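The data below hold one chain only, encoded as structure tokens and taken in the form predicted alone.
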């Protein structure tokens, strides 16, 4: 189940474009529909992101036992840091921002930035619960997944 929280914007995108290819197109299409899709094994149910083979057992040729399935869009902060310097000029207007690895409830890690309420103590923020927020760039044809803190 995905969160109902959405954010639609008409902002200008001046950052590197996401690398959307045949292997991850369904993931990006899902984000555009405000759904976080995870690559899922139909044999054991293990979910992955990005797309890969199931590591728990033999895979059928060409990943025929794998498909994109909805994830919860929830997780917890696995690691984070606060950026005071933009690695690309497009992020300059967002400084400082929190870059985080989120451990999704289903298991995979996903990198993102934290939006909304910001953690003040980075050490104690590890393990805090988060949920996905969709940031739409309809004119460019993609949606970026961000995460926000939620109450436990």
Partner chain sequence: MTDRQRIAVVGLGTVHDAPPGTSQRMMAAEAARLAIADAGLSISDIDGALDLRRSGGGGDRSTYSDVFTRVLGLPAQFYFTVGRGGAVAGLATAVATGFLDRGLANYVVCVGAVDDYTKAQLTKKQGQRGMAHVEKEGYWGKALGDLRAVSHHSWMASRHMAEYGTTSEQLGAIAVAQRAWACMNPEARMYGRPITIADHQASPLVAEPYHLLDISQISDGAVAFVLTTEDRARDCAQKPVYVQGQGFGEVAADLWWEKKNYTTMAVAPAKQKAFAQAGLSGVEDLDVVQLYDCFTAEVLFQLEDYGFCEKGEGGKWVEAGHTAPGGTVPLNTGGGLLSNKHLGDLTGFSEAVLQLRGQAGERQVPDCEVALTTGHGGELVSPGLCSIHTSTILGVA
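Numbering follows the first chain given and starts at 1. Predicted, not measured: the structure shown is a model, and the values here were computed from it.
There is another form of the same protein, the form predicted in complex with the partner chain; it is not shown, and what comes next is about it.
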Give a yes or no on whether every one of 16, 55 and 107 sits within 4.5 angstroms of the partner chain in the predicted complex by heavy atom. yes
Consider residue 40 of the chain shown here, and say whether it contacts the partner chain in the predicted complex, taking contact as heavy atoms within 4.5 Å. no
Does the 4.5 Å heavy atom contact test between residue 29 and the partner chain in the predicted complex come out positive? no
Would you check, heavy atoms only and a 4.5 Å threshold, whether residue 115 touches the partner chain in the predicted complex? no
Interface membership of residue 63, the partner chain in the predicted complex, 4.5 Å heavy atom rule: no
Can you tell me which residues in 84-115 come within 4.5 angstroms of the partner chain in the predicted complex, by heavy atoms? 84, 85, 86, 87, 88, 89, 91, 97, 99, 100, 101, 103, 107, 108, 109, 110, 111, 112, 113
